[in-house]
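Below you'll find only one chain, the form predicted alone, shown as structure tokens.
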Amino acid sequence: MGKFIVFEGLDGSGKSSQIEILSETLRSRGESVYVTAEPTDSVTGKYLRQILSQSIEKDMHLQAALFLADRIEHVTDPQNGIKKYLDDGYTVICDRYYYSSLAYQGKSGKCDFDWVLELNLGCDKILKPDICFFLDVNPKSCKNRIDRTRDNVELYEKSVELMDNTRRGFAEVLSLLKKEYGHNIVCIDANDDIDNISKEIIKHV
């Protein structure tokens, strides 16, 4: 069975770049790699992308439930699901997973955190990653990157203050999952040079 690797971080933290570097490194070593992301391209995932891209204000409980539904399909789909690829021996690299639900919705102050936690960790269809990398970048730097490279600001990218609150939410979530649930989580200082960051990630993998 293959390994399941997740990347988390604020928008603009460099996840896409590091996922590309890691996937190409592993492929160069002869490994089969499947790269995926959440929200997915399913009907539910496309609806979530619409909510995010158009900054549509939706109830946080609704968002959390929609992300869970999308995640279950993401894992279990018989053709393109994460479990299918892991069973076939692929290394699966995923851009965002339930850590984001816990940080963005669960720690928003507008949703019951324990409910979001139970939704995800209590669902036997949801797989536990082998390792999660959190790319930690100063929220101001992330916002500057987003403003330079995108014409459209998404729901959770509206201000440095909002992104800073999300960063603190991630810190609380990751600490809880490491201490109480035994998750393998590695926090990477992603303010560093891109090559140094990738070397650190590859060392852990």
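On a predicted model such as this, the values are computed, not experimentally measured, just so you know. The numbering used is simple: start at 1 and walk along the sequence shown.
As for the form predicted together with a small molecule, it is not shown, yet the points below apply to it.
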Exercise: Y97 in contact with the small molecule in the model of the complex, heavy atom 4.5 Å: yes
Indicate whether E172 is a 4.5 Å heavy atom neighbour of the small molecule in the model of the complex. no
E154 near the small molecule in the model of the complex, any heavy atom under 4.5 Å? yes
Heavy atom to heavy atom, is D136 within 4.5 Å of the small molecule in the model of the complex? no
Interface check vs the small molecule in the model of the complex: of R49, R145, R167, H61, the one with a heavy atom inside 4.5 Å is R49
Given the small molecule in the model of the complex, answer whether the residues D11, F67 and Y104 all have a heavy atom inside 4.5 Å of it. yes
Just one stretch in 136 to 144, 36 to 44, 23 to 31, 174 to 182 has heavy atoms within 4.5 Å of the small molecule in the model of the complex, so which one is it? 36 to 44
